[in-house]
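In the form predicted on its own, a lone chain appears below as structure tokens.
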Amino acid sequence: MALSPSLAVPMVAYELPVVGVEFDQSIVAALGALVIVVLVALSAFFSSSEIAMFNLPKHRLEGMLEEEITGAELVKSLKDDPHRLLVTILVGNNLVNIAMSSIATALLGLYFESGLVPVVLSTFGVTAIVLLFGESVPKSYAVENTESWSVRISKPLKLTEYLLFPLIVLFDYLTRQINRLIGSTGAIESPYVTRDEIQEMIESGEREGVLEEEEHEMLTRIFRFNNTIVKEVMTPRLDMTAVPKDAPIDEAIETCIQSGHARIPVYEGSLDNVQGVVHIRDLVRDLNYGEAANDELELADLIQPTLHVPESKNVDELLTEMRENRMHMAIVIDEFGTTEGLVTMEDMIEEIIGEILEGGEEQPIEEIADDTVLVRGEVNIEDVNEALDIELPEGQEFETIAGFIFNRAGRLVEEGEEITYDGVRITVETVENTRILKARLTKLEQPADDEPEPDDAAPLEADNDHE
């Protein structure tokens, strides 16, 4: 680099007083430049170490340990005390960056008489070098090679901890005390990932095409699963198929065949006193191949115990309990001990994978048009909202679309009656006795001013045919 005459300085020889060796200015500059290069490399090492160590998820580290990857144990020992690890990296990184700036200022002082010029040049020059080669590039590399790089830098980091032990202990203690004074927990590592972050990733994956629509729906149901209670998935009492305890074996078999269920509850007196369940396999086997004579075999001998659970029990807890007890059916009771319905293993699995249809069974939600669906009365409001992209409310007294209609009407309804709520027209399609079997929901176009209709804008009205 050629200097202008005004900036040129005479070559100066520097003598080290201890050893009596003389160095001219060019040698000093060369040595200083070499030291700066080494310090830039150390800055890159510490910067990349921070990213690699703190971006390595705990579950991946556990996988590395299971795979017996060399160096994984040392990585784990460093991450076991994340606060000490961070202090080690920060102390090392700040030492090399400050040393780099000081040396650069001293070297530039050899060529400039003014003391301000070397300071300004070294500040901007070192900042640019550190940002490019000490921060940006090494951190990008560490992000892309987190696992392999964390193993490679584990030994040098441990050595740094030994070399800088006094400083590390001092600053570790000081930072902990300051955190205590300001009321900070000092927590450095966060959990694997939060529930909300996972749900956001699922939504982003579906929007960007990484997840198929079916995959997105299943993952969404999984997150909704532990917030679901038994009452939302059970078969209501009116739809239960059961046999009395004193019924003959042939009647129990016929009931199973006609209902299409392999297991049915057995009650004594009334459904409020369910004794257990019987399986058609046991009924047929013991009737045809059992040791007892047909006239001696009783239904009570084949009853298997079952669980009685409150309607407010979480589905995920019940699923675990049923698996542990190897039961496929549970009886749902209310706060007074009255039987409200039953829930099976299949009911709970359907909450995750979707409806499992058998034979001629109809879809619970049938899409008629883009803005119209035909739903069964027992379908949960949450599922209807998702299918039609609407926001019908759920109440404490009801979770189904039939319950919503009864709640809005305040009375029994008949076929053909309609209700309009918040831009949705609900038409009662099929009624059996007092039960709403099917309803048609149509999403109405919003007015031009986009103001939603009031909740009670349209009371339930019957067609003239029913007046």
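Just so it is clear, the model here is predicted, and its values are computed rather than measured. Residue positions are given as counts along the sequence shown, with the first one as 1.
Although it is not shown, the form predicted together with adenosine-5'-diphosphate (ADP) is what the next lines describe.
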For this session: Counting non-hydrogen atoms within 4.5 angstroms of adenosine-5'-diphosphate (ADP) in the model of the complex, say which of 366, 346, 321, 397 makes the cut.
Result: 346
Seminar exercise, completed: adenosine-5'-diphosphate (ADP) in the model of the complex has a heavy atom of only one listed residue within 4.5 Å, and of 265, 377, 92, 134 that residue is 265
For this session: Please check if residue 260 has a heavy atom lying within 4.5 Å of any heavy atom of adenosine-5'-diphosphate (ADP) in the model of the complex.
Result: yes
For this session: Indicate whether adenosine-5'-diphosphate (ADP) has at least one heavy atom within 4.5 Å of a heavy atom of residue 240 in the model of the complex.
Result: yes
Exercise. Should residue 342 be counted as a contact of adenosine-5'-diphosphate (ADP) in the model of the complex, where contact means heavy atoms within 4.5 Å?
Worked result: yes
For this session: Indicate whether adenosine-5'-diphosphate (ADP) has at least one heavy atom within 4.5 Å of a heavy atom of residue 329 in the model of the complex.
Result: yes
Seminar exercise, completed: Counting only non-hydrogen atoms, the one stretch of 202 to 210, 152 to 160, 94 to 102, 240 to 248 within 4.5 angstroms of adenosine-5'-diphosphate (ADP) in the model of the complex is 240 to 248
